[in-house]
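Read the single chain below, which is given as structure tokens and is the form predicted alone.
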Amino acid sequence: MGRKLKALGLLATAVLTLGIVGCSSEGASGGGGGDLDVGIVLPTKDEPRWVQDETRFKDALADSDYTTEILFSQGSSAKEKENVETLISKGMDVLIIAPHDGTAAGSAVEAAKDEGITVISYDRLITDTEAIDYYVTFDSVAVGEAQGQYLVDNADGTGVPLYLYAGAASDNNAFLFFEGAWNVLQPKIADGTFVIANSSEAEALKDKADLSREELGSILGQVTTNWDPSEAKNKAETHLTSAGSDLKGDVSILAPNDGTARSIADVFATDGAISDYTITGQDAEKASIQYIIDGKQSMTVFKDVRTLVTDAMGMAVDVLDGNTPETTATYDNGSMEVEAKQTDVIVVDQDNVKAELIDSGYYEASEFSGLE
């Protein structure tokens, strides 16, 4: 609880600061001399995670004099670029962008940088461009390590079938999540605790602790869900149909996020040859918290969006005030080392769901059934 309380304290301080410190775009670097302080571009409204982010951004600035506009790209890089151009035309000084496609977003942010706008890559890293000033993120490798460790801690015996799933290969975070999980799972695959059930590429690399980007990509190419619950469901059905009885029974499942975890869990729950499963997730989506309470999803990695939003807006305010934002790490995006600020993550399961998500005020107890 120590890290959690610290994060909440930082959040309260930052929101208070945003509420009492006024700033306009006058005198700040930026494009067009308009009235927009901060432009925010999020990837889609179709995932609860990003709708939560929209709400948190609005809440963070509700009582301040800062002006902001939030646009959604709806899974389209073309729309994403159009959104950035729209915000440039309104004279924004700082762009906060969570890219739909980390590489394709390069052209959009380069247009912003050409106008002298400060670019903050949010949650997902924009790759293969030098048109980024800062990156605000959860520790993505730590997310994967937390998922992997949970599976290790809950594995019983040896030869446990391990089903691997990943996010979209267009999202740099998907590589980092899987890298983190592999860091923890690989030694336990090599020693026989786990048996890979659904990836010949992962099986071929099972004795290799450190994977190259290309090797990670070869595995992701087989087990990607593209962050799509429907695609995750179809893959899980295909994998279980082809799996022999030796790859069923009590199984472990690395699911990349909550939306895909629920779909995959529903498939495994209906297979009579699956006696029990442990499945990971991330984002602490409301529907998955109910699944955890009901015993249908094992865990989620809680990434407190309030803190991430606070970090992003704190960076933006520093820029607008002419100060240098605080950073804690760097990330290689393929073209440069990007200065970054990382936010901690928390594992949530049945044992601590109330303490971390209800008592902290993130959700209301009335939003769930069966919560003790």
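Everything numeric here is computed off the predicted structure, so don't read it as measured data. Residue indices: 1-based, along the sequence shown.
The form predicted together with a small molecule exists for this protein as well; it is not shown, and the discussion that follows is about that form.
- Between the options E54, D344, E47, D318, the residue in contact with the small molecule in the predicted complex by a heavy atom within 4.5 angstroms is E47.
- Between the small molecule and the residues S252, S121, Q297, Q282, the one pair within 4.5 Å by heavy atoms in the predicted complex involves Q282.
- Of the candidate stretches 106-114, 282-290, 202-210, 152-160, only 282-290 has residues with heavy atoms within 4.5 Å of the small molecule in the predicted complex.
- At the 4.5 Å threshold, heavy atoms of S263 stay clear of the small molecule in the predicted complex, well away from it.
- Contact check for S73: every heavy atom lies farther than 4.5 Å from the small molecule in the predicted complex.
- Proximity of W227 to the small molecule in the predicted complex: non-hydrogen atoms within 4.5 Å are present.
- Not displayed here, the small molecule is kept clear of Y165 by more than 4.5 Å at the level of heavy atoms in the predicted complex.
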